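As structure tokens, one chain now follows by itself in the form predicted alone.
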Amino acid sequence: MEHFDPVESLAAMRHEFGEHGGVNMSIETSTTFTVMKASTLPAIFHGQQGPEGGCYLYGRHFNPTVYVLGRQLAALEGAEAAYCTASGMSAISAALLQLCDHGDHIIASKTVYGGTFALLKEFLPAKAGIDVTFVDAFDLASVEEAFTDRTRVVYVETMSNPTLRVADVPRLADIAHARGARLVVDNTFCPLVVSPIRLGADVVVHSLTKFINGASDVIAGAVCGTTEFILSLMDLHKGALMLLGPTMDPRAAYEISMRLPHLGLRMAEHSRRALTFATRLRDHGLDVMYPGLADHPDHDLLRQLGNDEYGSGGVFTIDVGSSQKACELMEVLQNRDRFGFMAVSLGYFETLMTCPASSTSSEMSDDELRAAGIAPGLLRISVGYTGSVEQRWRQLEDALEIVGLGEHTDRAVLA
């Protein structure tokens, strides 16, 4: 496969002028659009003319600002096309509903974000008659054994939330394609770090709320894939995005677009700091999971699949043994040392900390949590980049000492 740099791809696509010649794109806030000739309307409503030809129908169908952001994200992912939605969950829901009909079957990783797990385990079977089998997606034999003659989708996260296992996208794609199924990958944790479509995935979904936006102030999602698939999502008769209506506001699209040019810098720094802290915590004797560490079970796989310039992602976990100890550590880190915030989500410029078993994965039962490898004392840390590395490390080390975790490190060595 030829070398692909997502930042270079985005830069080439962004070299366009705004409506009035500005260096930034224009914000089109109109909900409806004029046509110059009445005879044009039937062609637009029948899909014979669309945004690629400069003809817009209605803001829920295509909006020029949102459409441009979609093109930018497609360039970033190496996809033919993309379109943006009001949230990450709407992107996931629309993609799966577009790919599956009543009676169809999905094979899904048993370790996914809690909202996705609830969608797959409860909502889709009850409301849409779509069956779902959860498997250990890192055991490829288990994936193969789960196929039925109605399997239409294999669904995984590039980096599982919150256990940080890395999906073998090329081999999963081969397995899915050999049986006529599509591989759908949630790449929320790994923008720029991994490019799943370049590795064989059919559809990539994102919660843009996280790393891509980067400021925890906009809820948004995206679906990336072939032009044919994206247009099917916007079809006036059977398009999941068009008819279910999770429309992105053009102002949100503009905000996110303005943050894409420095996504590469942000991801590289998130990753650099995550690796620094994970390495030092491991040296402290803590149970750390981070794909950038050489002893991570998927370290070599990520090096093989990833784009080198952007590291191994901005999230690591620590298993501190109990939910009580995890809460104690988070409270000290936030309220005494100002290391970060106890808050769900990730990809913020400040560090965010949560205990997934009681928060982002709380939709799962105790048995399901155990099967997914989510321990009660697992602490997920999304590393920010404010303050200096040494300042943040001193805060983290201080908190560890207070709650009695790990070995004390001589701070003079780190000064």
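In this text the structure is predicted, and so the values were computed from the model without any measurement. Numbers for residues come from their place in the sequence shown, where the first is 1.
Omitted here: the form predicted together with a small molecule. The next part is about that form.
Contact annotation: S109 falls outside 4.5 Å of the small molecule in the predicted complex, judged by heavy atom distances.
Heavy atoms of L346 reach within 4.5 Å of the small molecule in the predicted complex, making it an interface residue. Residue contact with the small molecule in the predicted complex: A74 places no heavy atom within 4.5 Å of it. Among residues of the shown chain, M330 is not one whose heavy atoms approach the small molecule to within 4.5 Å in the predicted complex. Taking a 4.5 Å heavy atom cutoff to the small molecule in the predicted complex, the contact residue among F277, F138, Y113, F229 is Y113. Between the small molecule and the residues R152, R273, R165, K210, the one pair within 4.5 Å by heavy atoms in the predicted complex involves K210. Only one of 154 to 162, 308 to 316, 130 to 138, 251 to 259 places residue heavy atoms within 4.5 angstroms of the small molecule in the predicted complex, namely 154 to 162. Using a 4.5 Å heavy atom cutoff, none of A79, Y83 and D202 lies near the small molecule in the predicted complex.
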